[in-house]
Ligand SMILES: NC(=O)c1ccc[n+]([C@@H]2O[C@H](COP(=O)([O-])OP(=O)(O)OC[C@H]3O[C@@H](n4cnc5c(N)ncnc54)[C@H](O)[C@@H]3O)[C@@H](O)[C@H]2O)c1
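Only one chain comes next, encoded as C-alpha cells, the form predicted alone.
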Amino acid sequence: MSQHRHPGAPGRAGAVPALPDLPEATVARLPEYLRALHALADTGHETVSSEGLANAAGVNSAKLRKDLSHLGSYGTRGVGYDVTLLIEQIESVLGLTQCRSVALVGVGNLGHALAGYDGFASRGFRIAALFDADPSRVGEEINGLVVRHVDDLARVAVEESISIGVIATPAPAAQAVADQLVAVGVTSILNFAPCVLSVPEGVDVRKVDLAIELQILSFHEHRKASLTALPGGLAATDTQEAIGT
C-alpha cells in the first residue's frame, strides 16, 4: 500500500502547522479513540481517564497514552483527558475539520448498502456522487443521489470536488476504475474489490476485503477446535510446557 503524508493542513487562523509524523499503527487507532470519545460525549462525559478511554477503544492504557502523546495531549493528573478538546485534536490531525466529498463507484449489493449508510455524514464525509457502468443501474436513486454512468466521472469529480474514491465494483473492473479516479486527481482510494490495485506514488489505497477477515476468523476457530481436541484436553499453556516451548 502506497503511503503518503501531507506536509500540513489549514489551521484555524489560516496558518499551516506541520502535522506530527505519526506511526501508521497510531493513525489506525485514532479513529477508534474518536469513536469512543464521541460515545462518551453523547452520554454527558466531560472528562475521561486513560484507562476508561482505553477500555472503550479496546486497547491497553499504556498504548493509548503513547499514541496521544504524539498529538501533544497528556491529560491532567487526577482528572484525565478533556473529552471535547481531545475530539477536536484528533479530528484536526485526521483532517476531519472539513467535510470531504466522496465518489462511490459500483452500486451492486455492497455499493448500494454503502450509499445508503447515514454514518458517513456524522464523521465528516459526504457521498457526493454514485457511479456504475451497468445501464440498468444508471438513473437509479439511492439515498437522494442519482446513479450516473462511470463515463461521467471526470466531469462530476471536478464539479463536486471529489477527494476520495470508493471502489465497490467486481474485481475485474476495479483497476480501470482506479485508473479513472487517479486520472481526475483523486489521491485517496478505499477499495472493497477483492484485488490488489496498482497506483502511482502518492496515491493512498486502503483495502477492505471481508472474505479475508472471515478467513482470519476461520483460522482462530480452527485453532481453538484443534486445542480442544488435544489428548486429555490440554490447554495451550500446558501443551507448550509439555513440549518444552
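Sequential numbering from 1, following the sequence displayed. Note that the structure is predicted; figures quoted are calculated from it, not measured.
Missing here is the form predicted in complex with the ligand; even so, the following discussion is about that form.
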- Residue stretch of 30-38, 55-63, 192-200, 215-223 approaching the ligand in the predicted complex, non-hydrogen atom distance within 4.5 Å: 192-200
- Applying a 4.5 Å heavy atom distance criterion, does L210 contact the ligand in the predicted complex? yes
- Report whether the minimum heavy atom distance between R137 and the ligand in the predicted complex is within 4.5 Å. yes
- Message: Given that the ligand is not shown alongside this chain, does I162 nevertheless sit within 4.5 Å of it in the predicted complex, heavy atom to heavy atom?
- Response: no
- Message: Just checking whether L86 would be counted as a contact of the ligand in the predicted complex - the rule being heavy atoms within 4.5 angstroms.
- Response: no
- Message: Quick check on this chain: which one of V93, V166, A128, V150 has a heavy atom within 4.5 Å of the ligand in the predicted complex?
- Response: V150
- Looking at L145, L110, A154, C99, which has any heavy atom no more than 4.5 Å from the ligand in the predicted complex? L110
